[in-house]
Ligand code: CP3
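Given as structure tokens, the chain that follows is alone and in the form predicted alone.
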């Protein structure tokens, strides 16, 4: 079966004549069919926790575009909710959570053995997808990396500079370290269950890694991911893992070895040529077209897509954006990107 799945071949280190392709946030607000299904669900969290509807929106971009992989429709903040944080979404503003900033609040989190009580619908979605996806389409599960998840749990929302998390790290290291540990162990449990339900690949999103400086990048982005990946590899040695420390810049060098990941996903802050010379030497890379091209389209999209494919053509590569597609993207530009990658 693996030989039919181009993503798995690239993750195993194979250089393919045409890179496989999927897109971060490919199931989402830029698609009219997604908007219709979300309206049916009522709200975002209800959609995440409805296995049939979550499977439906995961399948929509596969039907429309024929991507080589589907990524589970969920959210990185479902794990904090399962751990005991209150979670809600404010229209037009994004997620809100109850905060964890004291030893008492940390101690009040649920035991990790209880998280499946909340997350079981997510595993059911995966089971449905394994039945419904085309045989050549790889199913990707995911979680947020501990640092990124912690920034939301500490601030109670997204912040431009992750300032509240840095403040807690600097002023109350025991609570901060305890939270990172709790999220790390919870992520191992969560991704383990995703793999057991049928996820063929899992990805760690460290969306706010860029704001970690000096030793903090090693201690709070890389080491927790290393711990998660080592634990998963010990149990599921044949399951590939993608790591995405967004904004790492020159620190992308050596991250295959440092994290143990099979693939390093790249944002658009580094050039494909630089990454081919400095990162792809360590293994498969994923990326890294700027998301804005999905809005603007045209010749710039085509030329940049071709340049990325050319730069990475001598090693294992999965074509993707440098971050998630935005709600204002034009679905026709997605098709143009795919046609360009595949040489249509």
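Computed from a predicted structure; not experimentally measured. Residue numbers count along the first chain shown, from 1.
Below: the form predicted together with the named molecule, not depicted.
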- Query: Tell me which of 173-181, 255-263, 199-207, 104-112 has residues with heavy atoms within 4.5 angstroms of the named molecule in the model of the complex?
  - Reply: 199-207
- Query: Taking heavy atoms only, is residue 95 within 4.5 angstroms of the named molecule in the model of the complex?
  - Reply: yes
- Query: Would residue 292 sit within 4.5 Å of the named molecule in the model of the complex, counting heavy atoms only?
  - Reply: no
- Would residue 147 count as touching the named molecule in the model of the complex under a 4.5 Å heavy atom rule? no
- Message: Quick check on residue 44: any heavy atom within 4.5 Å of the named molecule in the model of the complex?
- Response: yes
- Item | All of 166, 217 and 220 within 4.5 Å of the named molecule in the model of the complex, heavy atom check | no
- Item | One residue of 248, 85, 77, 122 in contact with the named molecule, assessed in the model of the complex (non-hydrogen atom, 4.5 angstroms) | 77
- As a check of understanding, the residue in 301, 27, 309, 279 with any heavy atom within 4.5 Å of the named molecule in the model of the complex should be identified as 27
